[in-house]
Structure formats: structure tokens, C-alpha cells
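Just one chain is shown here, as C-alpha cells, and it is the form predicted alone.
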């Protein structure tokens, strides 16, 4: 599926003065897939069709990313993104869901589980930011306000394309990287991504550390064990801190574990969902 094909599937929800673009497919208990930086919902296009066989899959572009609202001057932190996901689920009439997050999307998922526990029925995090594991050096540099004035959109995309390559265990098709970065090829998109990078804040994961042992939901920690951005020892720590959680180390996989080992990742996700069934399908908040 090309990024244009995927983008044509997107629906739009308006939340106050922001809007969220998202893909929705399938029937059953709701399963929310949250991307990281600098990608968007297209990250999940290789594995989500299989998940729709048993679940109602919803894949938002976080505000500031992809084809969601990229206006300037709003809070893009993972704390604000968690609040947005909570509000968006309420808008759709979803009282609780299984949350799957990767990279900063995992940080959003962890904040949802600890700050909005009624929303999260089951939790899956993949190669997620946590504790003080982030931001990586490049994103700190990219988030500097001067980057907007010094970097053209085309140069920024070339820089990011090269920076993402070590996130894969083997050579990745150029079209996939182009799709990941397509929303940021304009000056508006470039500025939005720079603002997203500027919002990365270690404090927003360290401050919930003490809440992790209080989680009482089925949790899967899935990690490409050769990740150069988020080393696997952070996944090991998460699995120790969250009671009853399970860590699966995925061999021959780096940061983009769902692309390095798509069949295996899909199997692990489906096995987890099957062994930890949802208590109900989505219900309206009324």
C-alpha cells in the first residue's frame, strides 16, 4: 500500500479547535495503534489488516503529525497527546480500548495507562520511549527553533531519511521511507515536525515511573532487541516495573520492529489479545 492509498482511507474527527485524521477498519473490541516520531499512522499499514479480523482497529495521526492538524502554536507534548487520545476516544464513544504504542506513541500509551486508567483495558508497547531513554541526539538538534530558519523542507527530509535507516535491521525500501516522511515535505509540514521535536520532554516519562507498579492491566512489552535508538534494557526495566507484564525480545529487529519482523510481531500481538480477551466490545459513553 502506498502512502497515498493509505491517506485516502483516513477519516477526520474535529476536537474543539484541532482535528485528527485516522484510519478505522474491522469490527470487535477497539484496538488503538499509536505511532512515534517522525512518522505517522502509515507506520502500521503493514500489520493492521490482519488485526482487523478480530478487532476494530483505529490508527490516529497525532496532532502535528501526518495529516492531522499541523497549525502552529499548540502543545504537542506526550502529555497533551495523551489528553487528545482520551478526548478523541470519548468523541468516538469508546469508553475503553487496547492501546498499542511505538516510540513516543508508547510514551503516550504509558501516560494513558497511568493518567487515564479507565480508558486502557490492555497495553502493548513496542520499542517505546520511557524513563530517561529519550530524546535521541538528532531529535534534540532537530527541535531547536533555529532549525526552522536554517533547514529547508527538502534538506530536512533528506536528513531524516538518513537518520531513520539505522532503525531497520536490513535495507528498507526507499518508498517506505518516502511514505513515512511524505507529510513533512512542505514548509508547513517541516515546521510542524520541528515543533513536535521541540516538545519531546524526558520529564513526562520519568514523572510516571512511580505509577508503573500500580498498573493492573494485561501488558505486553515487545522489543526489537537490536534497537540503536531505544536499547532493550529499557524494555527489561519496564517489564520488571509493570506487574504481570511480559517482555518479548524480537531477534533480528531494531527500532522499527513491526517492519523488521512483521509476521512475528503480528503473531505476538494476536496471541496476547487472544490470551487476554477484552471484557466487552466498545461501549458508548452516552
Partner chain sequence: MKKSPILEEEAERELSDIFHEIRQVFRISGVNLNFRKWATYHKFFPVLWDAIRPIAETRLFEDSSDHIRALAAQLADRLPRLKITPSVFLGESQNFQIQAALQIYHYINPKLLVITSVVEYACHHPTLSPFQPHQPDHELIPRGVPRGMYPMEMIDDPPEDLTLRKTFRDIERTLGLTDINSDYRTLALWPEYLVAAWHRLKPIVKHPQYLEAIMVLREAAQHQASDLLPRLALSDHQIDLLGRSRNDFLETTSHFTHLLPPLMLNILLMSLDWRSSQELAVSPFPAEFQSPVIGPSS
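Since this is a predicted model, take the numbers as computed values, not measurements. Residue numbers count along the first chain shown, from 1.
The discussion below concerns the form predicted together with its partner chain, not included here.
Residue contact with its partner chain in the predicted complex: residue 186 places a heavy atom within 4.5 Å of it. Proximity of residue 55 to its partner chain in the predicted complex falls outside the 4.5 Å heavy atom cutoff.
By the criterion of a heavy atom within 4.5 Å, residue 12 is counted among the residues contacting its partner chain in the predicted complex.
Interface residue remark: residue 17 is counted as part of the site for its partner chain in the predicted complex, having a heavy atom within 4.5 Å. Taking the partner from elsewhere, no residue among 162, 165 and 232 has a non-hydrogen atom within 4.5 angstroms of its partner chain in the predicted complex. Listed stretches are 64-72, 216-224, 34-42, 239-247; the contact stretch with its partner chain in the predicted complex is 64-72, by a heavy atom cutoff of 4.5 Å.
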